[in-house]
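Two forms of the same protein chain are encoded below as structure tokens; each is given separately, as structure 1 and structure 2.
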Structure 1
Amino acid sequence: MITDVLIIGAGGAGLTAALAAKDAGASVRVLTKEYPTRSQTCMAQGGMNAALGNVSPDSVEEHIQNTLKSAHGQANEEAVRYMCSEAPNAIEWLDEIGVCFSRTPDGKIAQRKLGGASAPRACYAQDYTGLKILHTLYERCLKEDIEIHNERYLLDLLTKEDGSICGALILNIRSGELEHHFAKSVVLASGGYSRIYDKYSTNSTASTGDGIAAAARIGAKLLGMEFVQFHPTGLKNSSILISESARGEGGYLLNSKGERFVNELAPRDEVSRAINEQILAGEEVFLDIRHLGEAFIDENLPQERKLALLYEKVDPVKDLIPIKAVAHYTMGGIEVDNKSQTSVSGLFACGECANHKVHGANRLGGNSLLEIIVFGREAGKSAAHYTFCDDKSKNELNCKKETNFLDKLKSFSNEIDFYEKRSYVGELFYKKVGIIRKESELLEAQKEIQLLKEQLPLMGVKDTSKVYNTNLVEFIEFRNMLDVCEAVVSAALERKESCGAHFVAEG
């Protein structure tokens, strides 16, 4: 059976797209390599931006200006205007479907101030904004009877002779069988690629850039891949995020000598660079929230206390929290126009895997949850519309015969352990394609990645069973990560000047 709209990824972006496509009258099928509620969207804590002015005066225009400024000239003003103007609607819709946003004493949706915003603008749901939005979207999909298939892994996108989309080749992780899912249009909503930094990333282990790599393989254009946002406060050992609200509420950053060395509320890229400099100079860096007091910490930063205790064995009420800056969000992705259409006919993209040109070289906190709702809807609507109106979608489904990576993989020799290489790549990228970039080091990294790509046939999987083979899935993810790494490093080499998160040093 052919679906009108096939959606790959069931995070905030994918589920919103599914609801919009269904609402437009299309038949919809959603595939995810996890379960919808396990998508990384659940990890967002800080909030979602909308200039509601519920706490103090604010305007859509200010939201636009803040976003453009942070983007360092790399955003498309029209797209930013659209996203910021739609923000109040997006919040209203989420409220209507049941998201439990925190409220002010007078019953309005509460808002807090995140970095780079001229007013308290981020709507939040206690400490769990992403979780509550994602679960509510999932429940809405249950209500609308949207078809969702869990634990289905996108291997490759399928195209017709004319290059337009016709579906996806999927590995059913549970059975180990290949499945062809044919569709008139496809929406990619498969998330970002920060896991190329391996353990130097706050991200879910699923953020391996699969969708971006698959899209690039069929000729979709990528844009801004060099722009990787580093978050100043990842826990030192595990890279788990300590929310920006810790600094927002008055937390300090200290070095081993106990000195403050940067304005803690400066933009993320500046603070990350300052932390990096300290670490390169041999200092350790700590987040200090002791002065906020136990009562305040337990009321406002309970998750932070729990995670610091669990992963660093320190109690923030009386100890310093060891931190480092780590990869957190990837601004780059599949290039799309204002209708979320990629350069491949019938292929749409939204969420962190797409580049809608709204974050430019640096994303503002709270703008990603906003983007996944606003452009998730746009992508779903556009994909549905495409299936109704575009002749290409009505052509016979003569998919080109795909070259299947799984078939090739059977001859791989397994002499080199890819898990070792995966952490090696993370280390390499953190040091050489990280917070500060030098041309000489980028070239070294590029060489290394090319070598690893050539060595792929010497890697492969040890586990040969069919059922739920995560060794296999992780190897395919690693292959995608290498493709993404290549795109990141060559984009970084092309951009000679510093710009936002891409910071170039001499040498």
Structure 2
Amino acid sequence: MITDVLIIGAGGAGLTAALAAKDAGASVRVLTKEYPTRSQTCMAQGGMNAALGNVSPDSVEEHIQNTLKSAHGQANEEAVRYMCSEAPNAIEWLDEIGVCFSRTPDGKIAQRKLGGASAPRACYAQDYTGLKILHTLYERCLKEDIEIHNERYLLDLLTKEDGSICGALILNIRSGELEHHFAKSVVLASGGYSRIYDKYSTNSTASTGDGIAAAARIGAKLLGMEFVQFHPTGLKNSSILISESARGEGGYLLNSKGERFVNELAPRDEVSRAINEQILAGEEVFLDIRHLGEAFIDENLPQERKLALLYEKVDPVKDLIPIKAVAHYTMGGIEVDNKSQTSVSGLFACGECANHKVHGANRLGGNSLLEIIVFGREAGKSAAHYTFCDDKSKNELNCKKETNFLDKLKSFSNEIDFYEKRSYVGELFYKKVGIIRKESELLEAQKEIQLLKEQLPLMGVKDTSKVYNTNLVEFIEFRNMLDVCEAVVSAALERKESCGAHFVAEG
């Protein structure tokens, strides 16, 4: 059965788009690789920006200027103005549907200052902001009887002979069967690609750029793929994220000598480079929140304490937290216009897989949750409007015959272990396409990725079962990751000058 709007991804952006499309009168179906409550949105801890002025004076114009400054000239001012102007409305909507924001003593939504902000602007729910937003959105979708199918993996997008979208080819992970989901429009909300850095990423293992790779295969344009944000405070041994809220609440960054070496609330690219410089000089780097006190930490940063205890065996109340900068957020993605429409007719995108030109070369802390709400709503409404346009061909299921990658897989051998190569790519990219980049090393990385793509038929899957074949899913993810890696390193080579998160050194 054909649906009006097919949404691929059930994180904050996808669920917001689903609610907006349903509210606009469209029939909606949501497909997700995992489960909604396990999406990357739950890892966004620090807060969501909006110039409410609840704690100290602030303005939408200041929010706009902070965002543009952080973007290093790579953002579209019109898009930034729209996002920042819509921020108070987005917070009001989330508040209305039940997000339990932390409050000031007089009952207003509490706000904290994050890096690059001129005022306390991030609305938060302790340090579980993304998690609480995500759960509220999911509950709202259930209340609205929105159709959600879990454990559905995107293999490819389906198009008609004229190039317009007509649905998606999906692998049912549970059964191993292929499914064709036909739709008048498709919204990609499939997340970013920072897991190409493997263990050097704060993101879940699902952040493999599947939607971006699938969109590129049908001709969608990509933009800004070289811009990968490294978060200053990933735990040293696990890369688990310690939220910027820890620094926003007054945490210090110290080296082995106990010295503060950087403004902790400078933009993330600056702080990450400063940390990297310390480590290259032989120093260890630590986050210090001991001076905030146990009561404050347990009230405002409970998750950070739990994570440090669990993954580093240190108690932030009395111990320093060992940290390093790791890949966290990908500013690049599928290029979209001001209605979230991609270059492929009927295909929309929102969230981290899309490039709405609001983050530019360096995302401002607190703007990611804002983006998924503002542009998730925009994408849902735009996709619904597209389906209602007077075009009878949208009801026709004359999709082009797809070339199924699973059929090709049958001829692949197992001479090379792709798991080893996946780890190798993570190391390669962290060292040579990471915080600091050199042209010679980028060229080496490009050559390695091209070689791995050529060797892909020598890899393959050992598990031939159909039901819950994670070996198969992970191999297809690896195929997508190589496509994304190629796009990242090619874009990095094209940009010769340093710009925000893309920092070029001689060599």
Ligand SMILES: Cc1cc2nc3c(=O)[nH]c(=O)nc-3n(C[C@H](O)[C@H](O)[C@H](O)COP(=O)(O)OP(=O)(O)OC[C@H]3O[C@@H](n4cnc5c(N)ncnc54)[C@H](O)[C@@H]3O)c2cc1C
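Along the sequence of structure 1, residues get numbers from 1 upward. Note that the coordinates shown come from a computational prediction; the quantities given were computed from them, not determined experimentally. C-alpha atoms forming the largest set that superposes within 1.5 Å between two forms make up the rigid core.
Handout entry: Pair member which, unlike the other, is the form predicted on its own
Key = The chain shown as structure 2 is the form predicted on its own.
Practice task
Examine residue 360 after superposing the rigid core and state whether its CA is displaced by 2 Å or more between the two structures.
Solution key: No, residue 360 moves less than 2 Å.
Exercise for the section: Return yes or no for residue 301: a CA shift of at least 2 Å between the two structures, with the rigid core superposed? Expected result: Yes; that C-alpha moves by at least 2 Å between the two structures.
Problem - Threshold 2 Å Cα movement between the two structures at residue 288, rigid core reference - result: Comparing the forms between the two structures, which are aligned on their rigid core, residue 288 does shift its C-alpha by 2 Å or more.
Practice task
Please state the CA displacement of residue 257 between the two structures in angstrom, with both forms fitted on the core.
Solution key: Here the C-alpha difference is 4.0 Å.
Practice task
Quick one: how many Å does the C-alpha of residue 245 shift between the two structures once the rigid core is superposed?
Solution key: Shift of residue 245 at C-alpha, rigid core superposed: 2.6 Å.
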